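Heads up, the chain below is alone and in the form predicted alone; it's given as structure tokens.
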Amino acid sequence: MDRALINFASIAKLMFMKNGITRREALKQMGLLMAGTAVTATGISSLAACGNSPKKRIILYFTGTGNCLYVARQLADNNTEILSIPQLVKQDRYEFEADEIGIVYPIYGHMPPSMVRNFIKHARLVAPYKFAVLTFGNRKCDAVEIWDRISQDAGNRFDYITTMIMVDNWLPNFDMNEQIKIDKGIPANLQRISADIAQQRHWHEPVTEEERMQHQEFLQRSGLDPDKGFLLLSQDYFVVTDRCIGCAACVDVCPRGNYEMTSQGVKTDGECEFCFACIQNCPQKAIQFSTGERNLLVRNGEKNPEARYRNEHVSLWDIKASNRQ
């Protein structure tokens, strides 16, 4: 016989002997008591849990040096699913549904990475509240309005769009060793953004006319197509030097899979996001810019060829897991 039933019968017998009530009445009272306990343990608690169930949040991210992965993790709670956009593209996954959906990406020339731009055009994001956090290192210009236009055209309007300044990893202009020393108010900004999202604030960070003009000037100088952003050829801009030891880190961290191990060493070829995941994450600093007059963006080389950057809270393995093709 089930142990619970034996205990139930024993307790009923004691009630019958002690209180002088009939055995039937004792069993009836015990049944009511057990039923009440069961409702409390399962029914009522379950109903309460359903009524106050936490919101499901999905955060989509793109990262080259870990900044956006770090931000995504800081904005996550126990009911958040963090998903890498390069991995989603690889898996051909574009449909998502949750109570809240967010996207975190770095701006390149004030624009989203090409992969992020194409992803949002194909994505179907079903959520009552959508937010976007755009990270940058120096100038954001009209990045918020650019994302608003792109996402609205794709049928994925975002309720909240803001920017967040972090370490600038643009090697041609900035020394990574100096950048990491600058206090960019990251904890305060994370706290601000977290509070806004918790309140489901509907807000787009304002853009000035001066910022719009700065972006247009940048496009003229760089010659970039505003409908594509940074979408260049890796073989034109990167070279692998004899420092290479064949560790294949570059193969794993490139979100487009542009690097390949061959019998002649590492080769690179293909459309490039200019995310610098390869050059920044190479343990041997074996990848450098291919300088030349025609490469206007990198023709002066690096500010400090011996300095590299990856977010201190993010490991090389994290970058590989995010981007491996």
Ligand SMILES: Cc1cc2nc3c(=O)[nH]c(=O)nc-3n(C[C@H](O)[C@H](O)[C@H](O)COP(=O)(O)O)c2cc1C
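Nothing here was measured: the structure is a model prediction, and the numbers come from that model. Residue numbers here begin at 1 and follow the sequence given.
Unshown form predicted together with the ligand; subsequent notes refer to it.
Only one of A127, I197, A154, V167 comes within 4.5 Å of the ligand in the predicted complex through a heavy atom, and that residue is V167. This chain lacks the partner; the member of N177, S222, N79, N138 within 4.5 angstroms of the ligand in the predicted complex by a non-hydrogen atom is N138. The candidate stretches are 146-154, 103-111, 80-88, 119-127, and the one lying within 4.5 Å of the ligand in the predicted complex by heavy atoms is 103-111. Using a 4.5 angstroms threshold between heavy atoms, C275 counts as touching the ligand in the predicted complex. For F158, no non-hydrogen atom is located within 4.5 Å of the ligand in the predicted complex, even though that partner is not displayed. Along 53-78, residues F62, T63, G64, T65, G66, N67, C68 each place a heavy atom within 4.5 Å of the ligand in the predicted complex.
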